[in-house]
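Given next, in structure tokens, is a single chain: the form predicted alone.
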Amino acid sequence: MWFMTEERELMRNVAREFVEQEVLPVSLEMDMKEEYPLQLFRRAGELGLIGVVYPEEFGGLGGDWITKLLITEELSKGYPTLNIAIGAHSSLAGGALNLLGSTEQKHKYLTPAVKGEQILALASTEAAGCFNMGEFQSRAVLDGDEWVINGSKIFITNIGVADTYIVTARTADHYDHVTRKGFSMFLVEKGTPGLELGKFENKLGWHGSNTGPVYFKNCRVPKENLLGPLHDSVGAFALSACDEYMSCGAVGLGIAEACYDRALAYTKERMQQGKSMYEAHQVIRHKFARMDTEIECLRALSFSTAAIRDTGTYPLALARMCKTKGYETAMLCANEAVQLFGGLGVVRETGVERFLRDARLLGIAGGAIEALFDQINMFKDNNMEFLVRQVQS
């Protein structure tokens, strides 16, 4: 591939070996038990798979986004849930922390996070919808040397295991829908009085990713736990979300490739009347040709977008395309794999239907694809560079 280098090949091989030796032997059982992959998370941190794109000053590898996507692809082939837990931690929460945090905040929170020693969660989404911030109800008020936060969040990933929650709350009377001013972000550590967690949601897919509500009831945090500028920190969320959406392309790619590989092996081994299914039926070979075509289209989109990101540019529209295309390709390949396996495809112990369930959540979690299509048009039709300049300044 045009984007491969010796260094990137090395990191991909580290991730591939980790998946083959440590992830695959336990992933199906963990999915069935809906167990959070804590030990695998820690191990990924030890191997440097979490902190690839973060500065060496804060414990990262100082690497690039192409390498990050290669790792994401490999992890998603073996256990998409593990990658979702890492993505919510490193791309969303960690991305906002890296963009907005002071040097002191980064040393305290980001350094252990990129090593997998501590876990982050981004607490932003509310019942009004993750993009409809004008109707968010969470508020933060300064009282002396403390911020007092009240409100609630839903569908937050990594609850219960997170050491620190990065929380969005309204701090100004007015919210500007264009500049996104009016909201601030806060660092809230686990165990803070007034921070309460709800029950884990029993979801279709991503079993064990610990998704659920977070409540703030007169939750007091020190004044210095304000993350970024007052009233003006949510622009960073749009940029860290850009990185997350781009990574979703690699998540979809990993799921699609795993489904393709498993289905191809099965149809070549499954004998009927002296021939394998693959040899006997042209319609089956056509299915694989279509899957392969979509996989390669997704690969080209994802890694070309990562290459743009590595120049320092935020490809706001292309990143959202990565997620929508990642979802569609993963669903196509997972659905075809289940169909090709037939009755065995819907048996949980076979390990195929899990990819279909996990692929389906890509179309909703973190932003429904319908909303992302609207954003693709918005970012292509309007000059949104002010968001980047606003955050970088």
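Residues carry their position along the shown sequence, with the first being 1. This is a predicted model, so every value here is computed, not measured.
Just so you know, the form predicted together with a small molecule exists too; it's not on screen, but the next bit is about it.
*Any chance Gly63, Asp310 and Leu316 all have a heavy atom within 4.5 Å of the small molecule in the predicted bound form?*
No, the candidate spot makes no contact with the small molecule.
*Counting only non-hydrogen atoms, which stretch in 142 to 150, 97 to 105, 183 to 191, 156 to 164 is within 4.5 Å of the small molecule in the predicted bound form?*
Heavy-atom contact with the partner occurs in 156 to 164.
*Does at least one non-hydrogen atom of Glu17 fall within 4.5 angstroms of the small molecule in the predicted bound form?*
Output for Glu17 is no: heavy atoms all beyond 4.5 Å of the small molecule.
_I'd like to know if Ala365 sits close to the small molecule in the predicted bound form, meaning any non-hydrogen atom pair within 4.5 angstroms._
Answer yes; at least one heavy atom of Ala365 falls within 4.5 Å of the small molecule in the predicted bound form.
*asked:* At 4.5 Å between heavy atoms, is Lys203 in contact with the small molecule in the predicted bound form?
replied: Heavy-atom contact with the small molecule at 4.5 Å: present for Lys203.
*Can you check whether Pro229 is within 4.5 Å of the small molecule in the predicted bound form, heavy atom basis?*
Judged by the heavy-atom cut-off of 4.5 Å, Pro229 is well away from the small molecule in the predicted bound form.
_Just to be sure I understand the contacts: of Asn83, Ser91, Thr305, Ser124, which is the one whose heavy atoms reach within 4.5 angstroms of the small molecule in the predicted bound form?_
So the residue touching the small molecule in the predicted bound form, by this definition, is Ser124.
*Only one of Thr211, Thr267, Ser240, Gln118 comes within 4.5 Å of the small molecule in the predicted bound form by heavy atoms, so just point that one out.*
Only one listed residue qualifies here, and that residue is Thr211.
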